[in-house]
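Only one chain is given next, in structure tokens, and it is the form predicted alone.
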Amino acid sequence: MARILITSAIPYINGIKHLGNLVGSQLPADLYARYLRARSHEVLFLCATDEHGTPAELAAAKAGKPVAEYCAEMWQVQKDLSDGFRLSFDHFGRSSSAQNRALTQHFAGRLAEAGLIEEVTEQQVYSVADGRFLPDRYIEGTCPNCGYERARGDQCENCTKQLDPVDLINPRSAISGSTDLEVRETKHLYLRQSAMKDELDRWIDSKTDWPVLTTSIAKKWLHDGDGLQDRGITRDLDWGVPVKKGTEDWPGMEGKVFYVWFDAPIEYIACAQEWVDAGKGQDWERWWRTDKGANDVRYVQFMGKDNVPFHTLSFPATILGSGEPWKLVDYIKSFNYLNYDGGQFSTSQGRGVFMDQALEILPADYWRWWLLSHAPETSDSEFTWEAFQQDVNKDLADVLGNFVSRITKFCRSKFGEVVPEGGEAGTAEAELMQALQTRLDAYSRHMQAIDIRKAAAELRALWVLGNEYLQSAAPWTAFKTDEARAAAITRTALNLIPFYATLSAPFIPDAAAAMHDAMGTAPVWPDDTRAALTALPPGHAFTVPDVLFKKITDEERADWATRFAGRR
């Protein structure tokens, strides 16, 4: 049994996330966590809300609420939605926690002692209209690299290029929209990432199994242009972790807070402390400190490609620079973007489906299956209502749902609601078991390797094998002349239901639970298909489940396409 630590990129507190955000980190992380638990591994799956910085302040101001109150309310909203999508976090924390505040200040002190933080007097944008310095994210303008008109002062979310506010074309305040901006002098702390370039380079080179997307982004930031740059880690904000060296004040830094991208990744560690303090677990250090037992932990992170630079460079620089025995990530699964029907998701334009809206119109399993089976692993993916309707109706309703319905209803009509006795397995059953074993082995390999689309394809192929067997063996025909043969076919097919339920649970947990409930079974991973397909003895009682998946009608599809098209 292995120990695996899993974190998904922590979402910003400002508002409800769209389906692209979901499939870019949290959902695939949940898939992997569920699979590993099903294989009896010890898993700690952590996530949290990212509550500091510009997005929180701006969103709270827009809502007319104190920022702490706003964050508390939105944490609950995001927690409820994660529960709705059946995200199986062991703990869903908050970056504003006391644990994260103390740990962030601790890391800052260690980095200062190591000579990796320097005070820099710099020119920073000041908004005359707002009467304040503007942190990078408070400034918007046109990206000089790609021309995107809503680039932020720290990074363009369109091309992912790291920016300084002074790089922006036609900059404006994100608070007031004012262009009355001046450049004034202020003092901030910088993490000397450049001093760790060689060490980071060697560390990344050692990760030979990382996805190409992850490694290519990290290497680009390390080597393109002037290479890895030192990074400001403080901001002139009221809301955030106060700047301290451990527990000591930091002269000259009064009234400043740590930059959100300095404290946010540290929340991964603090979240484990929160998990213990909430009474959910014990000994968080055995997951995070190599001197306390974390040497045998495999740490896997999930994130969208825009988060890769901070997780491959800035956060590792913090960990390595501290000189303390903290656990470094072993594998980073990064994702491209999910686009929406020919364009991008847009909160401001109401374009695309957001997590709350998705759950209002269909259960979580529908979304989980489609999003994971179309995960943007090697390139951007695109959500269209036509593809969604087609795949849900074909995969979930026609293949899996239809199989479960047909065999349970047939058995009830001919043998009652018990597994029938009589007959022996023959050549058809032997061939089925062999084909299932081949597919099961491939499914397990892909899940272990976190090749999500390939795993989904193998799972669907497993469902198809059951349908093909049932159609070919035709127990309804055999029953007319050979009731014992019909019983053997029916018994084999009924055993496929808990088999499918266990394998499908990481993708569609609610439907899997319904299948197990109907069959009166508990999840047991089927290493051997022959044993799995003979597990239910004759006389074992079951019930015919409700329809697992209803089909999406053309009228529903057309209505949803119009409803979520956004404002043109």
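Predicted, not measured: the structure shown is a model, and the values here were computed from it. Throughout, we count residues from 1 along the sequence that is shown.
Keep in mind the form predicted together with the RNA is missing from the figure; the text below concerns it.
Note on the interface: of 450-458, 101-109, 75-83, 242-250, the segment with non-hydrogen atoms within 4.5 angstroms of the RNA in the predicted complex is 450-458. When the RNA is considered in the predicted complex, only one residue from E324, D224, D283, E182 comes within 4.5 Å through any heavy atom, namely D224. Note on contacts: among D296, D209, E424, E468, the single residue with a heavy atom within 4.5 Å of the RNA in the predicted complex is E468. Although the partner is absent here, F302 lies well away from the RNA in the predicted complex, with no heavy atom inside 4.5 Å. In the predicted complex, the RNA lies within 4.5 Å of some heavy atom of D50.
In the predicted complex, at least one heavy atom of P135 sits within 4.5 Å of the RNA. Although the partner is absent here, Q124 lies within 4.5 Å of the RNA in the predicted complex, judged by heavy atoms. Within 4.5 angstroms of the RNA in the predicted complex, the stretch 523-554 places a non-hydrogen atom from each of V547, L548, F549, K551, taken in sequence order.
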